[in-house]
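Given as structure tokens, the chain that follows is alone and in the form predicted on its own.
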């Protein structure tokens, strides 16, 4: 009887978590097809008809297409650059002992405690001095560095789970350090790279604070700023604003769904050794 009661509580808790996770998403999804009157009078109800015109209007009101392209460019290049640099750095930190290693890891740990707002002014001055203000390359470099601590710890923890014998066999066969990393370590580290890649992509895709400070105009701004554009000028049309919100969040959800297996296995493996 007690075991059955615990089972009911367990499933009830899981259902509650699912509802809390999916509830806001489903509410925004349904609201994106409603009129203002329906949202204000019956916010939790089903729409009387699905107004796909809200999505068409969202693309007319704000330059979402331009922002969308910018976000894709920043997300892809910011993620690839982050994984390429920190993959090699994480491998060195996981495999080699050298003077100052603990101090270096401690510095990376402390960097997680620094709030983003504290870096706005120095980043603005540096980016402006380098001539990268209002350019996508500036955002890519900033996001690559901003995601450094998380990616480094995920990858270095995963590398610790790989047996050293595999690398030693490669060295005996005449492989160099670079060949061993790219031909042996990299292919079997897909879960770790998948986890770090998803985290970094979500950072690049959803980040707002740096994007609004380091860009101006529509040529270099990303999707989160499009929502700010809606809120500041067109907040009265909630249906269109919710439609724009769905356009922004769906890609990040799809990326996580496609790579969820790698994310779970990468975090689990890193937790064992890390």
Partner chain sequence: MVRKNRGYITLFLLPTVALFILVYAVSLVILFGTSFTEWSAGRSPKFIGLTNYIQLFTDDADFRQSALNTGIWVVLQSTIHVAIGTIFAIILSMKEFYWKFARTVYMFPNIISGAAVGMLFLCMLNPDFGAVNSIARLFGNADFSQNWFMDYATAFFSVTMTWLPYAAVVTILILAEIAAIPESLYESARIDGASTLKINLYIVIPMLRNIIGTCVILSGTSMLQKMDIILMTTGGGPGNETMNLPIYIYKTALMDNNFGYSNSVGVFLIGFGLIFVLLCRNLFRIGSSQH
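Numbering follows the first chain given and starts at 1. Quantities reported herein were computed from a predicted structural model and do not represent experimental measurements.
FYI, the form predicted together with the partner chain isn't displayed, but the following is about it.
Interface membership of residue 77, defined by any non-hydrogen atom within 4.5 Å of the partner chain in the model of the complex, is ruled out. Residue contact check for residue 8: none of its heavy atoms lie within 4.5 Å of the partner chain in the model of the complex.
In the model of the complex, the partner chain sits within 4.5 Å of a heavy atom belonging to residue 27. Not displayed here, the partner chain is approached by residue 122 to within 4.5 Å at the level of heavy atoms in the model of the complex.
Between the partner chain and the residues 202, 162, 170, 72, the one pair within 4.5 Å by heavy atoms in the model of the complex involves 202. Contact check at 4.5 Å (heavy atoms) against the partner chain in the model of the complex: all three of 86, 111 and 115 pass.
In the model of the complex, the residues of 81-105 lying within 4.5 Å of the partner chain by at least one heavy atom are, in order, 85, 86, 88, 89, 91, 92, 93, 96, 97, 98, 104.
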